[in-house]
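In the block that follows, a single chain appears as structure tokens, in the form predicted on its own.
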């Protein structure tokens, strides 16, 4: 069943007003943008934690806010599961105790999630009796997510849950976020300023800059738009997701789609048959008009130029952004090159090219 998410909000904050109109039928939504863009402000408005909010919020057919009609549901009646960056667990309780407090918030008519089942999905069962104050940072984030799930929310709000974690921890927790999406199917709004994370976890994103919507759509399209990727914090990053088919000599073969295979570095966390996602920065890709011989780079992929975006007069040191489509498919890749290279290669829409990049240039985001 489609999930209706419709907001038309004006939220005052310190330096500007956050004004967002957004309607979607997708379950996995994302808010993307640089720090200070208004992402957390919008989440707090949805949760009912901000004063002075004007407009309308409707989620799953329920109106939470309609300021013109005097409707303003308090936070406890909105059915929101809110996971802030800090987690905010009750330190005097153990893990299971924190989850049971979340379960106590579930409405009588809601589909209840059993705490023990949530512990199992998030691989927290061995920690059930451990006091919250003894947990690591990654464990606290998982427990905070589990507690929010146990409240059986109509909307799960995740405020950059991985922002404070180092890369190895992020790699371990991302698969859990994917598992939550597949296992429980709860509508989720995920805040991030990491392009690879947003692309992997979200079906549709809304990009904010200083409280205004500047782009909206599928993350694979929005975050590789050459007119926007240079300005976005974390933009110019491509997400390559597929299934591992073989591993040999510290390299893994990753099948992105039938007939489209790349080689990536294996640091020991990959297994044949499992899916994996890698990020590849736009600046780590070379362009060639033909297939160059004698290269150490393992990946040379035929592609077609879709668009070329040259920097403006006020951006003397910015690269040009080239969008290419791989092979005969629709997979889009953004490449950063110099304006001089664009001229010398005569890059233009529909021009055939080859993308060249090393296996080591592909950084593991998650294996799942």
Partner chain sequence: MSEAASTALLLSARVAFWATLAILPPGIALGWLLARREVPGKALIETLTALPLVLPPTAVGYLLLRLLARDGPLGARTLGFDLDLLLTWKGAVLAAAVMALPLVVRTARVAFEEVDPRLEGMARTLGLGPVATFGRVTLPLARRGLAAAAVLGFSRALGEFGATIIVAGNIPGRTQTLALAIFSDMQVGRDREAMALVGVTVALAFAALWLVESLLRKGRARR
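Note that this is a predicted model, so its numbers are computed, not measured. Numbering follows the first chain given and starts at 1.
Just so it is clear, the following notes concern the form predicted together with its partner chain, a form of the same protein that is not shown.
Student: Tell me which stretch of 293-301, 266-274, 81-89, 176-184 has a heavy atom within 4.5 angstroms of its partner chain in the model of the complex.
Tutor: In short, 81-89.
Student: Please tell me whether any heavy atom belonging to residue 248 falls inside 4.5 Å of a heavy atom of its partner chain, as the geometry stands in the model of the complex.
Tutor: Output for residue 248 is no: heavy atoms all beyond 4.5 Å of its partner chain.
Student: Using 4.5 Å between non-hydrogen atoms, is residue 217 touching its partner chain in the model of the complex?
Tutor: No, no contact at 4.5 Å.
Student: Is residue 105 close enough to touch its partner chain in the model of the complex, meaning at least one heavy atom pair within 4.5 Å?
Tutor: Looking in the model of the complex, residue contacts with its partner chain include residue 105, since a heavy atom lies within 4.5 Å.
Student: Although its partner chain is absent from this view, report whether residue 151 comes within 4.5 Å of it in the model of the complex, heavy atoms only.
Tutor: Judged by the heavy-atom cut-off of 4.5 Å, residue 151 is in contact with its partner chain in the model of the complex.
Student: Of these, 203, 123, 76, 257, which has a heavy atom no more than 4.5 Å from its partner chain in the model of the complex?
Tutor: The residue from 203, 123, 76, 257 that makes the contact is 76.
Student: With its partner chain left out of view, choose which of 243, 210, 117, 133 has a non-hydrogen atom within 4.5 angstroms of it in the model of the complex.
Tutor: By the 4.5 Å criterion, the partner-contacting residue is 133.
Student: Going through 43-69 from first to last, which residues have a non-hydrogen atom within 4.5 Å of its partner chain in the model of the complex?
Tutor: Stretch hits, in order: 47, 49.
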